[in-house]
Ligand code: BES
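What follows is one chain in C-alpha cells, specifically the form predicted on its own.
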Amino acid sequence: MDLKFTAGNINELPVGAIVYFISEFDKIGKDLKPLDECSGNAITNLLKTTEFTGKNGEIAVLRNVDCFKAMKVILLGVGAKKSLNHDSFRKATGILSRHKSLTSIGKAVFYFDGFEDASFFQAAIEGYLLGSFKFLEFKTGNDKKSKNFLKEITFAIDNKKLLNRLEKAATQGQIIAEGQLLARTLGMTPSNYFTPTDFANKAQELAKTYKFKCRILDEPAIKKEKMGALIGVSQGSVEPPRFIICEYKGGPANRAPIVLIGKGVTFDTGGISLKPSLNMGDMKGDMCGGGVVLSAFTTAVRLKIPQNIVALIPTVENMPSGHATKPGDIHVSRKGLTIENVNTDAEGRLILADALDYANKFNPQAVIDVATLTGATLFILGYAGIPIMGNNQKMKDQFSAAADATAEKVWALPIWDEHREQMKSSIADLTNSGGRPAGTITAGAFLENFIGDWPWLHVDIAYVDQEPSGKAYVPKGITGIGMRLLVNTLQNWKKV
C-alpha cells in the first residue's frame, strides 16, 4: 500500500473517493454543514431517515458532490465522541476495508477533519490493512487475484502543523500492521509448506531483507546443547527440529537484551496422545507463538526500536510414529531437570523449557514467552483476551498498558504453591501435565522451573490465535494477536 500525506485543501484531489471520519451526531453542526450544502443536503436526508448517524462502522456513499473532484465521498462513522479511542478508528476502517465503495477504486483520501490524536491516524491504517487481509496463496485462477483495487491512500488533514505527526503515526501503523499480517500468513500456511526447516529459512530470509543477525541450530547442534525436552518432542517426526536465534542491537552495546521466546510447533497431532481428528487441521497454527515472536522482532527492527532484542524459536513437529516419545517416558531438559512426559500433547511446554534455559546465555534483563499452550484458556477468557503469568509486577503492568494501547486484552493469573505441587512427579523432578484443574496456570508453573534470575512473563495465546467467525479488522482465521502487544511493549519499555 502506497501512503501519501497532505495538509490543506482536498477539493482538487483527483481520487476515486474521499473518506470522511464522522463521529455520532443527531443534528448537522458547523463541521458537517459545508459538506451537507455542497452535496444538496444529502447528510440532512440521511439523518432524517437514520441511514447514517455516525455510529461506528456505518457507511454512506455520496456521489457527484459538486465541490470535489473525487468521484464520491464516503461517510464513515467512528462512534460517539465521549467514548472515542484508537480502536474506534481501527474498527471503522476494518469494516470499510471490505466495502466495494472503497475497494473498487485505485486511489482514496482518508480525511481527518477535526481529529488530531496520533493514535487515531495510526489505528486507521492498521484497521484498513488488517481488515482487508485475505490469504490467497493457495488459490488458483481468478480466485488468486485480489478483488481489492485500492493501491494508494492519501492521509489528509487541515492543520499543516499536524502533518508531521500524521505522517509519522500512519507510517508506523503501516509497518505494525504488516508485521501482524506476516504473523497471520505464517500461521495460515499449511504444515506441508511450513516445516521446522521452512520456519528457519523464513527467519533467515527476513534477516537478509532487514539486516539482522540470525543463526539456526540444526538437530546435531540442538543435541549438543543437551536440549533433551525439545528432542523428545521432535523424535516422532521425519522433519528434523530447528532452533532459531535472532539478534538485534538497537540499544547501547552494554545493555542486556530483552529476550522473546515463541513456541514453534508447525503441526501438532498430539503425538501418541493423539488429538481428535475433528478440526485437527487447525493445528498447523500451533506455531503462532513463534510466528508472533518472529513478526514482532522483525517489526521492532523495521521501526528501529532502541532496545537490544533476542528472539528464540524452538520449532518442531509433534507426530505419532514408532520413534515418537511415549506417555511415561522421561526426558532430561537442558537445565538438567528430569520431566515425566505423561501427556505427549503437552509438548509446547517441553520445547519452551529448553528455550527458557537457553535464554540464560544472553544474560537477559527480561524474558517474554508467547505460546498457543493450553486449551484451558477457552474456559478462562474465551476468545476475548489473553491470560498472562509472571514473576514481576512491573512487567505485568507494562504489558497491561500495551494491551490498552493496542486493544489486545490481557488478564494476569496467579501461580500459587498448590499449582506448583501439581507439576511434581513421583518418579522424576517434574511432570509435563498436572491434569485438568487450573490447566493454564499449571503450565505456567511448569515453565517457571526453567527461568533464570530475571523478570519473566508467560503469554498464552491459545484460542485467541484464531478468530472463529470474523470481526471488524480480524477476518476469520489466524489473528496474529500478540504481535502489536509485543511491539508496543518494546516501544515503551521501562527497565524492570
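Sequential numbering from 1, following the sequence displayed. Quick caveat: nothing in here was measured; it's all calculated off a predicted structure.
We do not show the form predicted in complex with this ligand, though everything after this point is about it.
- Looking at P190, you'd find every heavy atom of it more than 4.5 angstroms from this ligand in the model of the complex.
- Mapping the unseen interface onto this chain, G375 counts among the residues with a heavy atom inside 4.5 Å of this ligand in the model of the complex.
- This ligand is not drawn, but in the model of the complex it has no heavy atom within 4.5 Å of F450.
- The closest non-hydrogen atom of N360 lies beyond 4.5 Å of this ligand in the model of the complex.
- Annotated contact segment (heavy atom within 4.5 Å of this ligand in the model of the complex): 280-288, selected among 328-336, 297-305, 280-288, 231-239.
- Although the partner is absent from the chain shown here, none of T6, Y128 and E167 has a heavy atom within 4.5 Å of this ligand in the model of the complex.
- Interface residue among A462, A70, L62, L457 relative to this ligand in the model of the complex, by the heavy atom within 4.5 Å criterion: A462.
- Of the candidates E408, D354, D87, D268, D268 is the one whose heavy atoms come within 4.5 Å of this ligand in the model of the complex; the others do not.
- Within 4.5 angstroms of this ligand in the model of the complex, the stretch 251-282 places a non-hydrogen atom from each of K263, D268, K275, taken in sequence order.
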